[in-house]
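What follows is one chain in structure tokens, specifically the form predicted alone.
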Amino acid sequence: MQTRLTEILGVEHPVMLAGMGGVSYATVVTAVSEAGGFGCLGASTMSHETMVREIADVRSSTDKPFGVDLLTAMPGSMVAQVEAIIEGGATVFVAGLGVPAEVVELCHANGVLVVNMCGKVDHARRALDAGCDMVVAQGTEAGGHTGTVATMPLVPQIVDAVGEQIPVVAAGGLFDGRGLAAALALGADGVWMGTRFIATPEARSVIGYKEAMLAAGEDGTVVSKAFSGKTMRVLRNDTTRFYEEHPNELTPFPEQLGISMNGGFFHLGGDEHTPGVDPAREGYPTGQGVGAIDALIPAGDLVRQIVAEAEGVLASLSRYAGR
């Protein structure tokens, strides 16, 4: 399945692993890239040293393209971080929050593509003006930090605004091949999937995360500021309910992030061995597609399954052509 996305990324399939902080580490990134998709490290929760090590682990495990996702709003030297991404052999830099205008030229001078996450049409226009090579149109159905516009109306509007100039990738609530087929029908060139890839053996997670996802229904998520001070779609639990009932105790980002981490109910970057995790209170970023997930599937198999299902859907829809 070839699109502008596969051509510009140099991959077989238009399926991108979301660069999820705390989840998208080298093992799952390598598995996705090896299967012909595009793996992306979620470096927003990593120290600089950890990011460099994870990049090296991916590069030593596969010769396929991969990227690194950072939150540009986080403190620290963006230039130094991007230089490390370039030196490590990544082919794409993804800006999770804000347009990274100060590093676009640096990336392009070193053959690295720049991707920007967008929740509104204006975000996409600014990304195009800044020289970004593609945008991800992420609807509010997505897990983690998210906006207010749903995927179905957002994607075609961003396609209309910038799609003639650069590829648009759809994200938010997409979890299988039907979502990929729908994204292509909306004019996107591929998909950026997060939540579905958390439910893989290779994904990093703290205790209880995957189990809670498998048990959740389609209404099991809520957009809350409880864990970072910014709107984040997470699994509904005791912590989200507490702040719903006590909104006056919420503080702005990044103060609320410090409160949740120091308070022991948000273990960013932890794994199944991280102590002190209470599944009833822990922050588990999760998209609305979670209700459709009922089993862990190896990441490589998942890539191939998504593409095969999308091809089947598109073939079946061809019967409507010409009627």
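Here the structure is a predicted model, which is why all the values come from computation and not from measurement. One-based numbering along the sequence shown.
Although it is not shown, the form predicted in complex with a small molecule is what the next lines describe.
Q: At 4.5 angstroms, heavy atoms only, are E12, G37 and F66 all close to the small molecule in the predicted complex?
A: Result no, not one residue of the spot touches the small molecule.
Q: Which is the contacting stretch out of 247-255, 79-87, 191-199, 222-230, given heavy atoms within 4.5 Å of the small molecule in the predicted complex?
A: Checking each option against the 4.5 Å cut-off leaves 191-199.
Q: Go through L174, L154, V114, V168 and name the one with a heavy atom inside 4.5 Å of the small molecule in the predicted complex.
A: Contact with the small molecule in the predicted complex is made by L174 alone.
Q: Taking heavy atoms and a 4.5 Å cut-off, does D133 contact the small molecule in the predicted complex?
A: It does not: once the small molecule is placed as it appears in the predicted complex, D133 has no heavy atom within 4.5 Å of it.
Q: Classify A299 as contacting or not contacting the small molecule in the predicted complex by the rule of any non-hydrogen atom within 4.5 angstroms, answering yes or no.
A: A299: no contact with the small molecule in the predicted complex.
Q: Is Y209 a contact residue for the small molecule in the predicted complex, using a 4.5 Å heavy atom cut-off?
A: Yes, contact at 4.5 Å.
Q: Hey, in the predicted complex, is L71 touching the small molecule, heavy atoms inside 4.5 Å?
A: Yes, L71 sits close enough to the small molecule in the predicted complex that at least one of its heavy atoms falls within 4.5 Å.
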